[in-house]
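First, one chain by itself in structure tokens, the form predicted alone.
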Amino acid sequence: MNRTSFLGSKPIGRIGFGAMQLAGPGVMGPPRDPAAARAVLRRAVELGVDHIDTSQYYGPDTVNDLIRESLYPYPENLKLVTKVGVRRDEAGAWLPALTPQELREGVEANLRSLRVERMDLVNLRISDGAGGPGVPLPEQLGALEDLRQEGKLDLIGVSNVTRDGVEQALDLVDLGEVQNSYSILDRENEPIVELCREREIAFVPFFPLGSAFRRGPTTLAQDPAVSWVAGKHSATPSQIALAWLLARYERMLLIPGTTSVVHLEENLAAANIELDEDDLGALEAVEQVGRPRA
């Protein structure tokens, strides 16, 4: 199994780091232990992570501030990926922010808080179906394409999107990635993975261990097929779930998040696990678990 792949035309490690969990409860405010959050970020880079997924609306600002305080000046090969299309109110609600002006302000806020002049990739988080409430998809992607032409981002991605939405986006811009929920427990987006495979586009699964809202990690640990394969490889159930994703598609890029250095190291070690045909066959029997809409 290759440990590296591509984000657009850029070489990239296949296991990166998702930074959302570094904020406080509800992805609002500071973490309980800011020093531990910074330690996780620094250890990730020490271990070769070259892909961090974040957003200014995590906190808001909290997570981007932690990344900047911990890692700036950034390693030359570090790719910083963000998303726009959402804003937070004082109560922590997730509200759409999809007008061209709001998308521009979202990108500028990420550039400012991360202290960079250009994002490696900006995902458009689509709130409802292909276009979101009240704003046509061409206007949303057109705003990001304008920013790309201005040199403020390299690649455009889409997140929380239907297959029809991906196909519409492909008619409008070059896509660097698709970011949707997908895991061994939740394969609802398998058709989108297949579309990405056909078009050779990176697919970045969120909830890679199953949704925490539906006790995904606990469900993994209780599944007999996952437990059998984990025992065979002297691995944890979570490591097997990550290795399964890596085996699924060579341009699958993982961004598991954690607030623990121990769990970070465990996640990255999943790249060392080579699942054979017996393993993959056994894992096909894993029971699927429904999920809430992201």
Ligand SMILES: NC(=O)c1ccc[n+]([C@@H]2O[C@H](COP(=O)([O-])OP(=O)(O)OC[C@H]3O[C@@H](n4cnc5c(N)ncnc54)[C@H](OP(=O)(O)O)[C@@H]3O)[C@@H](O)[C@H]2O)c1
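Predicted, not measured: the structure shown is a model, and the values here were computed from it. From 1 onward, residues are counted along the sequence shown.
We do not show the form predicted in complex with the ligand, though everything after this point is about it.
Colleague: Is there a non-hydrogen atom of residue 259 within 4.5 angstroms of a non-hydrogen atom of the ligand in the model of the complex?
Modeller: Flag for residue 259 set to yes.
Colleague: Does any heavy atom of residue 208 come within 4.5 Å of a heavy atom of the ligand in the model of the complex?
Modeller: It does: once the ligand is placed as it appears in the model of the complex, residue 208 has a heavy atom within 4.5 Å of it.
Colleague: Using 4.5 Å between non-hydrogen atoms, is residue 12 touching the ligand in the model of the complex?
Modeller: No, no contact at 4.5 Å.
Colleague: Look up in the model of the complex whether residue 18 has a non-hydrogen atom within 4.5 angstroms of the ligand, and give yes or no.
Modeller: Residue-level check for residue 18: yes, a contact with the ligand.
Colleague: Since the chain is shown here on its own, which stretch among 193 to 201, 155 to 163, 102 to 110, 140 to 148 would lie within 4.5 Å of the ligand in the model of the complex, judged by heavy atoms?
Modeller: Careful reading of the contacts points to 155 to 163.
Colleague: Only one of 43, 68, 248, 263 gets a heavy atom within 4.5 Å of the ligand in the model of the complex. Which one?
Modeller: Flagged contact: 263.
Colleague: Find the only residue in 49, 230, 252, 255 having a heavy atom within 4.5 Å of the ligand in the model of the complex.
Modeller: Filtering the options by heavy-atom distance leaves 255.
Colleague: What residues of 216 to 236, in sequence order, lie within 4.5 Å of the ligand in the model of the complex by heavy atom?
Modeller: Result: 217 alone.
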